[in-house]
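Below, in structure tokens: the form predicted on its own, a single chain.
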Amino acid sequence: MTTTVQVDFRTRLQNWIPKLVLAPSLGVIMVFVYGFIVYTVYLSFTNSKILPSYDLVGMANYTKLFQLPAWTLAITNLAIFASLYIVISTAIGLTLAIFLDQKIRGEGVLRPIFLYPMALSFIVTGTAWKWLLDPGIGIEHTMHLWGWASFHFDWIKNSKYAIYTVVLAAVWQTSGFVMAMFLAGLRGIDNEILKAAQIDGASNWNLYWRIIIPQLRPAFLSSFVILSHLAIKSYDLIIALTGGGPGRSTELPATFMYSYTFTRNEMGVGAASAVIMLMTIAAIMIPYLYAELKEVK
């Protein structure tokens, strides 16, 4: 009887230890992540300025938000940045994955090189690319020192092209990560299917276009979701690289939110912009998670 009680106590203790270990982390997440999300949503319906206010104003902040030219510009910049960032990163990542999938010599060396940028923070990436693209110390200055005095590359100072410098830096950082996802997908394709297609006379182009790439659909979907999420919440890369300038030419919703909340003392409007960003990310993530759960079932 005593042995049975000890076994039951030990079993219960083994079941409760993981829960007790995870409880503090779960509590912190519930308060400082989900709790503050709910609080931000609430502030978006209040007349908060420099400090939180609890006077409800309904949808006034959202109405004001979409009437601001700065918000319209931020959304436009996000559309340009996100579309180019996702397409170019996906194309480069897929190309690198196909290249490495050929079992080339030195793959073990090349793979870490391509993945290395993802190990850096966006602050480091932005700072490094700022030095590289600054006309006074970067590529343009180097070319002038080499005698090519007519060479000009001042995109980072040009309001028409500055957003594309952000695309360059972001693509450089994440293309290797996308490559890793596609490479994992390529290595997971059944070789018997490929051999059968080759026996039937399929060319390399048809092999990739009709068989391999369609089977990479999960990798394409994962790439789209991750890159979309990174694009929508991009803040530190913008701050380090361009500071949102020249003027507002590289301002994105994340920098707009910070500016209106902490610089312009319009906390209600800033909270409203944060809620719009959250809804955009949710609109991407929820269908993806639903599809994943449906496949598991």
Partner chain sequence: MSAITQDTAIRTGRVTRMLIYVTLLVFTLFYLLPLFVMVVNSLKPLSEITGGNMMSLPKTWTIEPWRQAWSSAQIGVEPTGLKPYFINSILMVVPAVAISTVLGALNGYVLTKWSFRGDKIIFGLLLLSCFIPFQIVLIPMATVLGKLGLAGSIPGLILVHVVYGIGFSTLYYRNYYASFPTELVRAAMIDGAGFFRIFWRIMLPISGPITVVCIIWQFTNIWNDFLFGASFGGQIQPMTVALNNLVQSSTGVKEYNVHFAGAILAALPTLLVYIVAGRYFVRGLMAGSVKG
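Residue numbers count along the first chain shown, from 1. Small disclaimer: the values here were computed from a predicted structure and weren't measured. Here, rigid core means the biggest group of C-alpha atoms that superpose within 1.5 Å across both forms.
Although it is not shown, the form predicted in complex with the partner chain is what the next lines describe.
- Candidate site formed by I17, V21 and S121: every one of these residues places a non-hydrogen atom within 4.5 angstroms of the partner chain in the predicted bound form.
- Shown without its partner, this chain lists W209, W148, Y161, F99 as candidates; in the predicted bound form, only F99 has a non-hydrogen atom within 4.5 angstroms of the partner chain.
- Although the partner is absent here, I286 sits close enough that one of its heavy atoms falls within 4.5 Å of the partner chain in the predicted bound form.
- Using a 4.5 Å cutoff between non-hydrogen atoms, R264 does not count as a contact of the partner chain in the predicted bound form.
- In the predicted bound form, the partner chain sits within 4.5 Å of a heavy atom belonging to P112.
- Contact check for K233: a non-hydrogen atom falls within 4.5 Å of the partner chain in the predicted bound form.
- Residues of 229 to 254 placing a heavy atom within 4.5 Å of the partner chain in the predicted bound form, in sequence order: H229, K233, Y235, D236, I239, A240, A254.
- With a cut-off of 2 Å and the rigid core superposed, L51 has a Cα displacement that falls short of the cut-off between the shown form and the other one.
- Relative to the superposed rigid core, the position of the CA of P69 differs between the shown form and the other one by less than 2 Å.
- Remark: with the core as the superposition reference, the CA shift of F151 between the shown form and the other one reaches 2 Å or more.
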